[in-house]
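Below, in structure tokens: the form predicted on its own, a single chain.
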Amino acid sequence: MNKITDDFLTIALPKGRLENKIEEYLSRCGCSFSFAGRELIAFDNENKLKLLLVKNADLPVYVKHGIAGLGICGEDVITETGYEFYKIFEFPFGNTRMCLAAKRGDGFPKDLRTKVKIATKFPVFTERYFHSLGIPVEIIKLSGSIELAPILGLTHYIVDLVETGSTIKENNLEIIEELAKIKVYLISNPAYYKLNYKKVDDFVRRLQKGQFK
């Protein structure tokens, strides 16, 4: 692990859907910050935190290699990397569902002797889930517009994150089954935590109380 030499707790934050919610939550805890213009590094109002704004999928990489000792991300991102982290705080926002979906009326795969073809952004999760059920799968990884796969006949099924389900419905698909609830965590590089556990634990206690002193 690359040693972080400054005295801040260094936290990687994800760009995208969680970005504003994280900023609001930390602000309510007394930890105010903002990224000026296109800057990707910021410090909190009390100079206790150094915050790095990174691409969601890259966040575990920065924490794994010790560039950031801490990070905030969903379980889906953690699972896909295969890295091991300490999950030290669960945030009360950002929860989603990992779901299996298909065209209306297709239902759950019936012939389990043949490989089920599934399109997804989450191949690791999908393979693990269906392997645990003893169902053989052929996974096609896509980066976006997962709903197009069953519409265009690429696959019968998709596995994707679902918040409201509106996109699924608008594309004449339906959720067949909820596979898992995806939560958002403050994660820590294990080596970083061992070196900085007092400061990290203090930060977590303040998050739990809803205040940052």
Partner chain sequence: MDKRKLLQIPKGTESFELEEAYIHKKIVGGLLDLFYRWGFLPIETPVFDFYDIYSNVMDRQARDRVYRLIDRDGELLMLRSDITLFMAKQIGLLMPDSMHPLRVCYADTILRYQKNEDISHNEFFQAGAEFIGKDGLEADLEIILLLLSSLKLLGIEDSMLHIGSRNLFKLCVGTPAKNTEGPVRKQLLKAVRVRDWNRFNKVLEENELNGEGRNFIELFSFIGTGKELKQMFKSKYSGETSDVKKEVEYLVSIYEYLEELNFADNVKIDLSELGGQDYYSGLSFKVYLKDVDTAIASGGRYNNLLSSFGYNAPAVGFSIMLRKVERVKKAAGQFKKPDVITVLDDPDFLVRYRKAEKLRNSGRIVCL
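Since we're looking at a predicted model, the values are computed, not measured. Residue numbers count along the first chain shown, from 1.
Another form exists, predicted together with the partner chain; not displayed. Remarks below refer to it.
Proximity to the partner chain in the model of the complex, taken as a non-hydrogen atom within 4.5 angstroms, holds for one residue of K181, H65, K169, R28, which is H65.
Mapping the unseen interface onto this chain, T81 counts among the residues with a heavy atom inside 4.5 Å of the partner chain in the model of the complex. Taking the partner from the other structure, the partner chain in the model of the complex has a heavy atom within 4.5 Å of a heavy atom of K194. Contact check for F91: every heavy atom lies farther than 4.5 Å from the partner chain in the model of the complex. When the partner chain is considered in the model of the complex, Y129 lies well away from it, no heavy atom lying within 4.5 Å. In summary, the region of this chain contacting the partner chain in the model of the complex, judged by heavy atoms within 4.5 Å and restricted to 81-89, 100-108, 133-141, 115-123, corresponds to 81-89. Shown without its partner, the chain has no residue in segment 130-151 with a non-hydrogen atom within 4.5 angstroms of the partner chain in the model of the complex.
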